[in-house]
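Next comes just one chain, in structure tokens: the form predicted alone.
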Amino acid sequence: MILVSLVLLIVPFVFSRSMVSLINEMLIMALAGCALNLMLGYGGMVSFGPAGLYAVGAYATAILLTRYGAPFIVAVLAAPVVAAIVGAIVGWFCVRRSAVYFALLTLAFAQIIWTIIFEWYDFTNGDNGIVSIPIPEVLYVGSNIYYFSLAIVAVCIFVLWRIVNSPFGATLQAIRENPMRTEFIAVPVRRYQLAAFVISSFFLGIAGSLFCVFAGSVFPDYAHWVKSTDMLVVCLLGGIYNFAGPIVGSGVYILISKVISKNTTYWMFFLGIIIVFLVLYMRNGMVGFAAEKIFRFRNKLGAGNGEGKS
């Protein structure tokens, strides 16, 4: 972990400006993936609509800065709060259903959010998006925007790590494994699921706000189901049962998509083949696959040492 932190700190001194921007995008997607995985991997709730709440955070920052002239810090801090409030409303309906019905409800609400953003021209500027967002110039000096994103993402991922390793996280995993038995031991399953939904929405709002600051613009596409698919793929690629899964998945997914798109117009076709291969042959994701190989290697090494002693 310390080594990774040191590498991320020296990124602007080693890589080109375009590569630093790419890594910045990876960091934001990693945060969004970890936020989604709180529901998906730890709570067992498959959501097809994280992009809706991500867009709420992005648009909250953009609208506060452009329409109301709010201070930058206020606009950034308000984004996760607004996303959490919307998440509480959406989650209240969604947690009343499970499995495929829960997934479809999240997708439906995300599309409602997308429609509101797309059609409400007077407030969101519709399909034109919001551009030329007044971001403090200091963030565009050198690599300040990168370090700004890195600092916030690092703190948020640490907080999420503490959450999943707390009694609350353990209870979520129990609900994931068997919600009926968990309810039998007097655990209010729906309350925990709603709490996970709201917490996930909060951090998705932070990720959306960060991308708004990074890009300097927002568009309705941020709330589209395609964006939700990107987040789901990031979690599945890395592994939903490992905390580091979405972090690794975001780096691999964005890097592969950028590299392939530079070399062919059919990049979606090749990206799809790669994802199918990874999902079929690495069912626990890349991190899970690596952990399994290390575990087997250690067992073989231990068995070999035991034989040698005897």
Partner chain sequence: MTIEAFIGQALSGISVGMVLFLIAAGLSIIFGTLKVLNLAHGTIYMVGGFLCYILTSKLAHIPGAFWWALLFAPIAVALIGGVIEVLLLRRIYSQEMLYQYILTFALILILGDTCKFFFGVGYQTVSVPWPVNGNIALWGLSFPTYNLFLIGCGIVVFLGLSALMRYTSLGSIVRAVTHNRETANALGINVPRVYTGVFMLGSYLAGLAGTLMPPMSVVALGSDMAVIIECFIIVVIGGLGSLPGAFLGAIILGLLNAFGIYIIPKLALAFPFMLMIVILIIRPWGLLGKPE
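Positions refer to the first chain, counted from 1. Here the structure is a predicted model, which is why all the values come from computation and not from measurement.
Here the subject shifts to the form predicted together with its partner chain, a form of this protein not shown in this document.
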Can all three of R97, T115 and L232 be found with a heavy atom no more than 4.5 Å from its partner chain in the predicted complex? yes
Given the stretches 242 to 250, 43 to 51, 24 to 32, 63 to 71, which is the single one in contact with its partner chain in the predicted complex, using a heavy atom cutoff of 4.5 Å? 43 to 51
Of W161, F93, F168, Y147, the one that lies within 4.5 Å of its partner chain in the predicted complex (heavy atoms): F93
Which one, V189, A195, A215, L104, lies within 4.5 Å of its partner chain in the predicted complex by heavy atoms? L104
Please run the contact check for Y121 against its partner chain in the predicted complex: heavy atoms, 4.5 angstroms, yes or no? yes
Hey, in the predicted complex, does N125 get a heavy atom within 4.5 angstroms of its partner chain? no
Though only this chain appears here, would N263 touch its partner chain in the predicted complex if you measure heavy atom gaps against 4.5 Å? no
Contact with its partner chain in the predicted complex for L255, defined as at least one heavy atom pair within 4.5 Å: yes or no? no
Just give me the residues of 209 to 229, first to last, that have a heavy atom within 4.5 Å of its partner chain in the predicted complex. W225, V226, T229
